[in-house]
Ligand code: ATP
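Just one chain follows, in the form predicted alone, and it is written as structure tokens.
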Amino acid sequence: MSSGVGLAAVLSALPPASLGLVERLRAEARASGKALYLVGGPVRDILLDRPIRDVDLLIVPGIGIADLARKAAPASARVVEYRRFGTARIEMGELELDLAGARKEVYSAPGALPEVSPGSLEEDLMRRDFSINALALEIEPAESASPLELTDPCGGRADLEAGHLRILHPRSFHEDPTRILRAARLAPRLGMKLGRSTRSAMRDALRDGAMGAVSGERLRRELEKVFSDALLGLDPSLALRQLGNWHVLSALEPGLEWPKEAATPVRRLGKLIAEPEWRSNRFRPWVPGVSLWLAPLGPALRRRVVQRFAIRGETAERILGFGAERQRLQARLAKARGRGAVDALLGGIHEESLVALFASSEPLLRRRIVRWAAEDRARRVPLSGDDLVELGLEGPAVGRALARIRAAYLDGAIANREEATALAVEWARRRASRSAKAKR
């Protein structure tokens, strides 16, 4: 089937950083007597005239993938082989390119990871989640001026045109229940709806308890994608609301829901994630997202959900405690007088909790948080702890003095090192006087 898309158009649609590596992979595949295909989501997005985010490539026949990747990759690149799944990843700085060999798979049990073995192009496409992702374009030699051949064994192009999200067989959700979570992300992203047979298959899988077989780690990875999709300008609340409407959340953990109170903060978080100035802070989008989602729910349910998603350690405790911390901080921020007081409240908060606090606060408090993050957080006071030690302070008194100096500096009460030193000396004098009186 003709795709109607030429090689030049496909190559120009790829992320510019990946183009040189794709060209080297094409050359290496030809030299090895193999065919190189663009598969799955990138093909779907080309047909929809949407920007390509990830580059997924398939080699046929799928033998020696890692060796081919190493030959094509420059010396500075890192090649990671996933032998069990017949795939490899080429990492070049921020660029990550996935390369797979054509394979078929068998599920030993519902919810288990598949057992893979070499297969044909058609077998590889038949193992995918939805018909709109079971598409392949062979990246032919540059001499070919005709449109590239589209391999579409499952009618994915027709489903794209009809706006239908359709699984490939009735047991698809039983075999891999995480496809349900993927459907909740793809449907709003592409403006598509589940076909009738797909909705029926989902109900059957949920009724049969298929979600119970999925590990918490796999669920969390899918949850992370819900919030990272905000980098594409998407609203994470749409996928979560979809999962609630489909009764998937309660299947993950009894009582779990999508509370209405979380919709606006999560929507605001999605917009925040997409802003370059906040992305540069390098927080994990899913942590504030889950914090906002679970905050309206009861403490026992929150703890069960965190355990179900295999969230552990300090991150889990921050998520669990966010609701109470938010209430405390919002009350104090509303009463804070001066920039020093705001700094004292926000200075010790983890970045991910700060983002969640911003997303769930009223406009006045959001303005205070933004001003602190943009202007005050990075400001350095004129004196250091070593300076205070030289003035005779020691132990906890150094930290308390630094806090007072910082507050005075941010409030404009002192403007330079001399004034800061005078304040420190006066504070040290008063402390010494109080200490002497206490000893009498």
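Note that residue numbering begins at 1 and tracks the sequence as displayed. Small disclaimer: the values here were computed from a predicted structure and weren't measured.
FYI, the form predicted together with ligand ATP isn't displayed, but the following is about it.
Open item on the list: Considering non-hydrogen atoms and a 4.5 Å limit, which listed residue (241, 71, 304, 225) is close to ligand ATP in the predicted bound form?
Closed with: Selected option: 225.
Can you pick out, from 56, 387, 376, 28, the residue that has a heavy atom within 4.5 Å of ligand ATP in the predicted bound form? Selected option: 56.
Taking a heavy atom within 4.5 Å as contact, would all three of 270, 351 and 352 count as contacting ligand ATP in the predicted bound form?
The answer is no: none of the three residues contacts the partner (heavy atom, 4.5 Å cut-off).
Q) Only one of 395-403, 58-66, 409-417, 45-53 gets a heavy atom within 4.5 Å of ligand ATP in the predicted bound form; which is it? A) Careful reading of the contacts points to 45-53.
Can you check whether residue 152 is within 4.5 Å of ligand ATP in the predicted bound form, heavy atom basis?
Output for residue 152 is no: heavy atoms all beyond 4.5 Å of ligand ATP.
Q. So in the predicted bound form, does residue 133 come within 4.5 Å of ligand ATP, heavy atom to heavy atom?
A. Close contact exists here: in the predicted bound form, residue 133 approaches ligand ATP to within 4.5 Å, heavy atoms only.
Check: So in the predicted bound form, does residue 382 come within 4.5 Å of ligand ATP, heavy atom to heavy atom?
Finding: No, residue 382 stays farther than 4.5 Å from ligand ATP in the predicted bound form.
* **Contact label in the predicted bound form: residue 315 to ligand ATP, heavy atom within 4.5 Å** => No, residue 315 stays farther than 4.5 Å from ligand ATP in the predicted bound form.
Residues from 153-177 in contact with ligand ATP (non-hydrogen atom within 4.5 Å) in the predicted bound form: Only a single residue, 176, comes within 4.5 Å of the partner.
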